[in-house]
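The chain that follows stands alone, in the form predicted alone, written as structure tokens.
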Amino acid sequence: MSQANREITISILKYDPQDKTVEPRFVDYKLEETPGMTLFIALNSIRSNQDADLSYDFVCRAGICGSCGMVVNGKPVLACRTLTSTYPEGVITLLPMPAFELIKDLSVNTGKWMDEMSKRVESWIVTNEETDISKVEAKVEPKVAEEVFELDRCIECGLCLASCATKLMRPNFVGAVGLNRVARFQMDPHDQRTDEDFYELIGDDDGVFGCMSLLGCEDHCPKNLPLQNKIAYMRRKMVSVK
């Protein structure tokens, strides 16, 4: 076969934690690779033609929603943005992302964790000012607005957590996504919280002081966010509090 239509093997860990009669197992699926095939396309083909019971997540198919995160040959990636041609050996192993509750096969509950994280770091504007919609909003310096909007590009895919050794060793670690969220509000001039207030949220080993700066989060972020820079920024802020 030519490179364009070679046969590839996709080995997937299948497991339903609610089915106590079946142990976790790898199942191999062989299919013909097509030009431009992504893992998302391959998984759709497998579910349509070989295994209708296969579970995985997707919504946008464009690297925007963050739903299709999984571990591919040991590396957390988004399936919709990963070409099967990236793996010249033609053997691709898929695992569900660690650090999250497993639903089934490749499907994990990132939404539950993100919701709990959002409440934990109080991910909203805190201010004593009353909002008057009849008036123009207070101006924000363009540079500050750009820095805040940059951090808002996080799609909460969970890849940073799946690649974080601290998170895997310390289940309560808030992770880069949580620390990024705190940095976003700390920089926002609309938020009236002090550094002391933020210290109460992340000033411990499950927060900003737990990060070991191994760069796994930034190396795997599909949006190339400056996660390590912002974690270092928040660490400096928090150290100055105590």
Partner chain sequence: MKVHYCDALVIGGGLAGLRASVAAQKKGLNTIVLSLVPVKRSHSAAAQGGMQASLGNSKMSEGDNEDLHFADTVKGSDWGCDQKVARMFVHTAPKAIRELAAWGVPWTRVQEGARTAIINAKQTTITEDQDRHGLIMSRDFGGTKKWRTCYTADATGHTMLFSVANEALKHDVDVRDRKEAISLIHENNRCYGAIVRDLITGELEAYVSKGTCIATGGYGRLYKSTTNAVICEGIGAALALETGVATLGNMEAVQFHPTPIVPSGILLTEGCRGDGGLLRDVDGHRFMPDYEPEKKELASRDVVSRRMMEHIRNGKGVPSPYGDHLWLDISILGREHIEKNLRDVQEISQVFNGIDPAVEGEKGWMPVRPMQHYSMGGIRINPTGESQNMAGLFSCGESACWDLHGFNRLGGNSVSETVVAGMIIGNYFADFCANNDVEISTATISKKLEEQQTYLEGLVKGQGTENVFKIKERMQEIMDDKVGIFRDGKNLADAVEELKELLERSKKLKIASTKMHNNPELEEAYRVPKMLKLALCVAKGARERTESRGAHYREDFLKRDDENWLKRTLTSWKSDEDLEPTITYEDIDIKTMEMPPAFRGYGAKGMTIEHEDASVRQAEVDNLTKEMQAAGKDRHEIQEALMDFDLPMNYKQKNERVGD
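Numbering follows the first chain given and starts at 1. Treat the numbers as computed from the prediction; the structure is a model and nothing was measured.
Keep in mind that the form predicted together with the partner chain is missing from the display, and what follows is about it.
Engineer: Does the partner chain come within 4.5 Å of a heavy atom in each of N49, V59 and G66 in the predicted bound form?
Structural biologist: Yes, each of N49, V59 and G66 comes within 4.5 Å of the partner chain in the predicted bound form.
Engineer: How about P142: is it within 4.5 Å of the partner chain in the predicted bound form, going by heavy atoms?
Structural biologist: Yes, P142 lies within 4.5 Å of the partner chain in the predicted bound form.
Engineer: Is it the case that T93, even though its partner is missing from this view, gets within 4.5 Å of the partner chain in the predicted bound form, heavy atoms only?
Structural biologist: The answer is no: T93 has no heavy atom within 4.5 Å of the partner chain.
Engineer: Contact with the partner chain in the predicted bound form for E137, defined as at least one heavy atom pair within 4.5 Å: yes or no?
Structural biologist: Answer yes; at least one heavy atom of E137 falls within 4.5 Å of the partner chain in the predicted bound form.
Engineer: With a 4.5 Å heavy atom cut-off, would you call T131 a contact of the partner chain in the predicted bound form?
Structural biologist: Yes, T131 is a contact residue.
Engineer: Given a 4.5 Å distance limit between heavy atoms, list every residue of 147-162 close to the partner chain in the predicted bound form, or none if there are none.
Structural biologist: Heavy-atom contacts to the partner chain in the predicted bound form: V148, F149, D152, R153, C154, I155, E156, C157.
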